[in-house]
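Shown next as structure tokens: one chain only, the form predicted alone.
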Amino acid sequence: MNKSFIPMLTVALVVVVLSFPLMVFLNAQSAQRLLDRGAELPCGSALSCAFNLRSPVIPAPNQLLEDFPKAFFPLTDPNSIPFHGFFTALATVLGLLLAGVVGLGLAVLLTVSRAFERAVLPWLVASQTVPVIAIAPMLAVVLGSNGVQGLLPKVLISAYIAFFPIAVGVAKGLKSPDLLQVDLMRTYNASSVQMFAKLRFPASVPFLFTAFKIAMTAALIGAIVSESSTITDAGLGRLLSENSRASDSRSLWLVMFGSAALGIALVALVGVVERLVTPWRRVR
């Protein structure tokens, strides 16, 4: 096993150990209430029922292990989590690419024009205070009235959530060179294009990939929320909505674990691209 995974797995193990008593306590309470109402449960006591409830507050490890194979395999099953995760990942990546184009353009404008920064930056900040759960249905209605459905609304919502950290992070990187470095470029009579190409853009690379990692998680959240708020045939957000309406807590937890694993994989993908683009840097 790669040693880099040991700390992550250690944290996961600690979380499982600490959450186990909470799971037993909450499920036992729920089971006791059912027994007090005269419900017939396939167990003798509230404590033993904590591991066998049909709709537990927190699923027991044995229940998750029991449901895992049918929830994740076969991978191409239309009801499997990986199948729906593929469509969520597609919307997330496309949304991130669109957010990258918009964010990089805004970052350049924020760097070259103080007037643009003073006029636009407060509105960019304000745009991020509007809950995505409110924007998603409105955007779905507007686009749906014009016959636009499916992948595009999810991509737009993901991009809307993800462009801000890219714009702000890259703008910070473009402004990071020292004044002495900028003055030296001016001494050499460098043009604005040369200033960006040879000084500002190279200096912004560490900020760029950090911003993209943050934006990737934001884009994933946007994609999942949009799937739960818009009409879509596939996606983790759709699974979450369906299982929530059915009060299937066991499936809900498995979908959440799948979403977390997808987020880790997508951020790791950005890290791989960073290593390929900047081989001279040691990424920690």
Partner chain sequence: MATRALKPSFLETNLIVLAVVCVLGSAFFSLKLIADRFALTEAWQSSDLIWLYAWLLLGLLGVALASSAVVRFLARPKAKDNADWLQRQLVALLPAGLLAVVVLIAVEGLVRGYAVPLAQIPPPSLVVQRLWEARDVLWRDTSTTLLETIVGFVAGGSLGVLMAIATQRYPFLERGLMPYATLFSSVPIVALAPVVIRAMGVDWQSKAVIVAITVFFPMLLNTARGLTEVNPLQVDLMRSYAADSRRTFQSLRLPNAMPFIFTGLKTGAVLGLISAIVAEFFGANGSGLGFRIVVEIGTVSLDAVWAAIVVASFLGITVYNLLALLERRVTGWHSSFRAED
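This is a predicted model, so every value here is computed, not measured. Numbering follows the first chain given and starts at 1. Rigid core here is just the name for the largest C-alpha set that superposes within 1.5 Å across the two forms.
Quick note: we don't show the form predicted in complex with its partner chain, though the next part is all about it.
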Point to revise | Per-stretch contact check against its partner chain in the predicted complex, the hit in 162-170, 74-82, 132-140, 100-108 (non-hydrogen atom, 4.5 angstroms) | key: 132-140
Check your understanding: Is A234 close enough to touch its partner chain in the predicted complex, meaning at least one heavy atom pair within 4.5 Å?
Key -> no
Practice item. Give a yes/no on whether V120 approaches its partner chain to within 4.5 Å in the predicted complex, heavy atoms considered. Key: yes
Check your understanding: Should T217 be classed as touching its partner chain in the predicted complex when contacts are defined as heavy atoms within 4.5 Å?
Key -> yes
Check your understanding: Does L47 reach its partner chain in the predicted complex, with heavy atoms at most 4.5 Å apart?
Key -> no
Review point. Is it the case that M8, A12 and M256 all touch its partner chain in the predicted complex, with a non-hydrogen atom of each within 4.5 angstroms?
Key: yes
Point to revise | Contact residue in the predicted complex, from L64, L34, C43, V57 (heavy atom within 4.5 Å of its partner chain) | key: V57
Review point. Of 246-278, which residues get within 4.5 Å of its partner chain in the predicted complex if you count heavy atoms?
Key: S247, S249, L252, W253, M256, S259, A260, G263, I264, V267
Practice item. Would you tell me if P137 moves between this form and the one not shown by 2 Å or more at its C-alpha, with the rigid core held superposed? Key: yes
Check your understanding: 2 Å or more on the CA of V125 between this form and the one not shown, with the rigid core superposed, yes or no?
Key -> yes
Check your understanding: Is the C-alpha displacement of L266 equal to or greater than 2 Å between this form and the one not shown once the rigid core has been superposed?
Key -> no
Study note, to complete from the structure: Working note: in the predicted complex the C-alpha atoms of A167 and V132, off by 3 Å or more, come closer
Point to revise | Sense of CA distance change between V132 and V170 in the predicted complex, threshold 3 Å | key: closer
